[in-house]
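A single chain, nothing else alongside it, follows as C-alpha cells in the form predicted alone.
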Amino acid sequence: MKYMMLINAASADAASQCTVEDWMVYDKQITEAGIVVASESLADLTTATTVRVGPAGDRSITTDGPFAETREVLGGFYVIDVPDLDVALDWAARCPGARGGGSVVVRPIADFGV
C-alpha cells in the first residue's frame, strides 16, 4: 500500500533538532529499504505562491508565500510503498522532520481502481 509522508518542519524561528547529516542517513536508510516511490524537498517557503479561485472560476487572488501564519512549514514529502499503516508510521517516526516541534503526516494514497 502506498502512503504519503508530508514533512512539516517547525517554523524557521524554532531551533532545528536535526542536521543535514541526519537527513542524509534517513534518506539512505529509506531508499535502501526499497520502499521509496517518490521524494522531494521543497524550496524555501518564501518562494511559495498561494492561488485562490473566485466564484466565477477566475484566478482572483495570488499571494506570495502562505496565506496565513503557521507554526509548521511543509518542507518535503516521501511516497512509500509498504505493507500497512504500522510500517508507514514506523518510518515516519524515524524521520528527522518529526523532531523538535515538527511532524510527519501519514496519509494513504487513494486507489480509484483505474
Partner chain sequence: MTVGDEGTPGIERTVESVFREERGRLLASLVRRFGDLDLAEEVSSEAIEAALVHWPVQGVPAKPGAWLLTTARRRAVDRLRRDKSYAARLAVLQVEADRADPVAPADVGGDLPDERLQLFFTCAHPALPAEDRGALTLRCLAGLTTPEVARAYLIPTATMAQRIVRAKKKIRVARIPFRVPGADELPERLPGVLQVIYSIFTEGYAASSGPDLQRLDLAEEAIRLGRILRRLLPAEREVAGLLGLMLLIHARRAARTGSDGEIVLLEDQDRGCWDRASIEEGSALVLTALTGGPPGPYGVQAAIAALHDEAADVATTDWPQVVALYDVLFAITPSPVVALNRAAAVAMRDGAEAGLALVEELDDEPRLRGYYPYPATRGELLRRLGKFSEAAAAYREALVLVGTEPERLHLQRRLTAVEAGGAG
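Positions refer to the first chain, counted from 1. Bear in mind the structure is a predicted one, so any value in this text is a computation, not a measurement.
One more form of this protein, predicted together with the partner chain, exists but is not displayed; see below.
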- Sole residue of Asp58, Glu40, Asp86, Asp44 within 4.5 Å of the partner chain in the model of the complex, by heavy atom: Asp86
- Verify the contact flag for Met1: yes if a non-hydrogen atom of it lies within 4.5 Å of a non-hydrogen atom of the partner chain in the model of the complex, no if not. yes
- Partner contacts for 94-109, taking the partner chain in the model of the complex and a 4.5 Å heavy atom cut-off: Pro108
